[in-house]
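Listed next as structure tokens: two forms of one protein chain, kept apart as structure 1 and structure 2.
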Structure 1
């Protein structure tokens, strides 16, 4: 309960800060030196936050869609031939550092939001795919048998049984992807993507800790809120199904 109140409070503080950053200047003043500005004003923090969230949302949506479709494809019909390959690629792919993926996207995509989106999408594919795969293949034999025995066609089994039952795991994959993307997107600002990383990097370049802190805090609070939001959703669905 206290956790939920704290979360709500953090969310409110975040909203207030984004709406009127200058009101928080006294809080950040101690972290500046030589009368440097306490609040980043080059671009509005609100618009950076929205752009940051939009990049993450697009990347997560794309990874979820593609990851889920791939997971469905490799678990039925001719696609099953690709299952061992898909498992290996996911395991190996997840060892690729997100920063390196981002750096490698630049030669192909140039600077800007593009390479960040692509890197986040590619990196986000793996957790979603892995979890969707686990969800789609993890049904108990009894449920599968009952569904088949009652005359559900393969397509009906997919839509009515397999997909709904793998929803909690899929959400867990999306949660992982969203949280990783939120953090990695900040690094996108090194390749000129419009994210909150801009604030942090400005702070690093001008040795202004106040900037580093406010950029980091906004992303951190967003990450906690998104993490908790997904978890609450997962818990509700799991609870309905009587899973732990």
Structure 2
């Protein structure tokens, strides 16, 4: 209960800060030097936050779709022989740092949101794929026998049994991807993507710790809220399935 209260308070404080950041200027003023501004005003913090969340949401959705499709393909019949290849492909994003992906994508796609989406998409593939794979291949012998006894076709078993039972693990993979992407998206501002990294970079360039704290705190609170939100959804689904 205490954790939920603290989480709710953090969410309310975040909303208040994004709605009226100037009201929090006295809290950040001690972290400035040479009469520098305490609040980042070059761009609306609310619009940067919404843009940041939108980029992360699109990247997570794309990673989830591709990761889930790959997991389904390599657990069905002839597709099993492509499992090593699928694991290699999904691990590429974890092998190359997002900064390296940005450097390779910018000459092709130009500056902006595109390279950031590519980097986040590749970086988020592995957690979703591995969790979906574990969910699809982790069914008990009783479930397999029950599906066979009901006379379900492979497609019916996939939609009616395998995917629903693997949903909690899939959500866990999405949670990891979302939290990782939320923090990693800040580097997108180095290639002109509109993210909260803009605030952090501005603070680093001007030696204004207040700006760095603002960007970091907003990203940190959002990460905790998203993490807890996914966990609550996982618990609810497990409870409905009798897995809690």
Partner chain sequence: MLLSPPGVLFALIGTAGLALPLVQFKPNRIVTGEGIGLHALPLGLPLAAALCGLLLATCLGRWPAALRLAAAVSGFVTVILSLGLAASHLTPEGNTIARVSPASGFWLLLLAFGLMLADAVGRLRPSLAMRWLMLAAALGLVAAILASGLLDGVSVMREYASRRDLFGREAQAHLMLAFGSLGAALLVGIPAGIAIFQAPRWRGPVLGVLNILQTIPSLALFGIMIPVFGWVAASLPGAARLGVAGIGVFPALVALFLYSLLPVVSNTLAGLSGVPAATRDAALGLGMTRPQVLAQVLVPLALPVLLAAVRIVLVQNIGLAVIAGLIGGGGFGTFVFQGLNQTAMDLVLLGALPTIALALVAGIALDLLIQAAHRGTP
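Each form is matched to the other, and the largest set of C-alpha atoms that superpose within 1.5 Å is called the rigid core. Positions refer to the first chain, counted from 1. It should be emphasised that the depicted structure is a prediction, and the values quoted were computed from it without experimental measurement.
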Form predicted alone, given as structure number = 2
Has the Cα of residue 159 moved 2 Å or more between the two structures, judged after a core fit?
-> no
Inspect the rigid-core superposition and answer whether the C-alpha of residue 82 shifts by 2 angstroms or more between the two structures.
-> no
Core-aligned, does residue 91 move its Cα 2 Å or more between the two structures?
-> yes
